[in-house]
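One chain comes next, on its own, written as structure tokens: the form predicted on its own.
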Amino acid sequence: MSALMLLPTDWKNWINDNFNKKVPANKIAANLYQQGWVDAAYELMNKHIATLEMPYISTASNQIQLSDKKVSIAFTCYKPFITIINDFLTQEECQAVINDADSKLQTSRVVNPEDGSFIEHTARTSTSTSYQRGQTAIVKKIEARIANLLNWPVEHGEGLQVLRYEDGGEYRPHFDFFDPAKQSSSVVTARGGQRLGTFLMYLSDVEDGGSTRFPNLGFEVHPKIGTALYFANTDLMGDIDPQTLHAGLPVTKGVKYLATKWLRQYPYV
């Protein structure tokens, strides 16, 4: 039976009242979650995706039919919201991205917390290149698929970034959200608001190392070609979530290729 149908009458009435007040489903779900109605909270999210103020992958089914292919959900964590998606990219698509990006790679940079500029830093030892939205046919295809899966407009995303990690390459523990307490926050959010979510795509298998670890949560995701990892950088109320601390562990054998798409609160310009 539906978890929403099992709610007490006063909760059902409360939900209806909030929808009548045009409250987004994620904020209604946040209150349900806090009161222990976890299944009802995410059933509500799944049923009212169109009203959400955040990217979201429906957990209503183990498989999701997208406009151009079917994918499957391998793992879901609800707090924070993290999902692993099998077979998001084909091996041919992964190789096409690598082939286009390889000659363009340069030393990766991070956001300077003082002024919002981009600087090189010892915490991030990889090479990378960034694309404009829709810059190439394969990038445009992948962006459309991400938007379809996350129920979030393409325009609300930064350009795709492709990275290469060689022996010892890593990205030490960090957050992808912009901390409002930092001086740089007003600069980096001016172009599209907060980074609400991160979508990672593993473009290659890695012999040893290279996992994505969430140290506060006690688990890591091993790279597998074609697999995608999504995690929300904010909670259901839209507040930054420190539980999303994550790291790219050092590659100890082989080469790791990764593509990243950051989802913004507003259109990214």
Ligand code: PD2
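Only a predicted model underlies this, so the values are computations on that prediction, with no experimental measurement involved. Sequential numbering from 1, following the sequence displayed.
A second form of this protein, the form predicted together with the ligand, is not displayed here; the remarks below concern that form.
Asks: Check each of Thr234, Ser204, Thr212, Thr227 and return the one that places a heavy atom within 4.5 angstroms of the ligand in the model of the complex.
Replies: None of the others qualify; the residue that does is Thr212.
Asks: Quick one: of Lys141, Lys79, His174, His121, which gets a non-hydrogen atom within 4.5 angstroms of the ligand in the model of the complex?
Replies: Going through each option in turn, the one that passes is His174.
Asks: Using a 4.5 Å heavy atom cut-off, which of 132-140, 83-91, 152-160, 166-174 contacts the ligand in the model of the complex?
Replies: Answer to the contact question: 166-174.
Asks: Mark Tyr268 yes when one of its heavy atoms lies within 4.5 Å of a heavy atom of the ligand in the model of the complex, and no otherwise.
Replies: Tyr268: no, not in contact with the ligand in the model of the complex.
Asks: Does any heavy atom of Ala247 come within 4.5 Å of a heavy atom of the ligand in the model of the complex?
Replies: Yes, Ala247 is a contact residue.
Asks: Please check if Leu200 has a heavy atom lying within 4.5 Å of any heavy atom of the ligand in the model of the complex.
Replies: Yes.
Asks: Could you tell me if Leu258 has a non-hydrogen atom within 4.5 Å of the ligand in the model of the complex?
Replies: Heavy-atom contact with the ligand at 4.5 Å: present for Leu258.
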